[in-house]
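Alright, here's a single protein chain in two forms, structure 1 and structure 2, each given by itself as structure tokens.
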Structure 1
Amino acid sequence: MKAENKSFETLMGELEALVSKLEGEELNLDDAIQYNEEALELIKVCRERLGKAKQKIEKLTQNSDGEWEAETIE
């Protein structure tokens, strides 16, 4: 399944697993490069998701008339 179709939590779990492999195992150069490339792709997708989520977050504020308004947080 493509990274774009997975949940953020699944992507983070996969990223953590790759980091553990890179930190904890004796890897040959080809495997280390492959794991690093996979990790960078996961990081890219996660950053895109976080950016989109940040744009959707809104803060409720009460105006001077006592009415509640949704304000997008930048």
Structure 2
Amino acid sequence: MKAENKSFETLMGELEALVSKLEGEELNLDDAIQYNEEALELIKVCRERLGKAKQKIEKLTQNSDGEWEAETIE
């Protein structure tokens, strides 16, 4: 899955896994550089996400048919 389609939680989880690999294991330079690159890329994506604020606030109410509908408020 491409980074854009992943949830922030997934991205942060992947980042944490990479960082602990980099800090915990004796890696060969090849892998270390590979993981390092991936981690830095993830950090970039996460920071981009944190830069965008697009909070949606919705209200869930029951319509006359008894179905629950979400409507955006504010």
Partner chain sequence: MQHSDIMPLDSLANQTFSVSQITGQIKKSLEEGFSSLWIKGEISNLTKHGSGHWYFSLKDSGAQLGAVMFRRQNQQVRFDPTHGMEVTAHGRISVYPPQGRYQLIVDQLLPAGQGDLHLAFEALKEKLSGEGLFAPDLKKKLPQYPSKIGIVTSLTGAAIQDMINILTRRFPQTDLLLLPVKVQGEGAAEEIAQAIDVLNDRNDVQVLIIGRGGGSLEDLWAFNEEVVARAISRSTIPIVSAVGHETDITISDFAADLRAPTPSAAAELVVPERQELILQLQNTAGRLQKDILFKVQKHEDRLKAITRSYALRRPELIMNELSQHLDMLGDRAARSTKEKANALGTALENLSHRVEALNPLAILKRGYSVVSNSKGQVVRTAEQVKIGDRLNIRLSDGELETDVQNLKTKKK
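Residues are numbered by position in structure 1's sequence, first residue being 1. Rigid core here is just the name for the largest C-alpha set that superposes within 1.5 Å across the two forms. Note that this is a predicted model, so its numbers are computed, not measured.
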**Request:** Specify the structure that is the form predicted together with the partner chain; exactly one of the two qualifies.
**Result:** 2
**Message:** Is the shift of residue 57 between structures 1 and 2 large enough to count as movement, that is, does its C-alpha move by 2 Å or more after the core is superposed?
**Reply:** yes
**Prompt:** To one decimal place, what C-alpha displacement in Å is found for residue 66 between structures 1 and 2 with the rigid core superposed?
**Reply:** 35.1
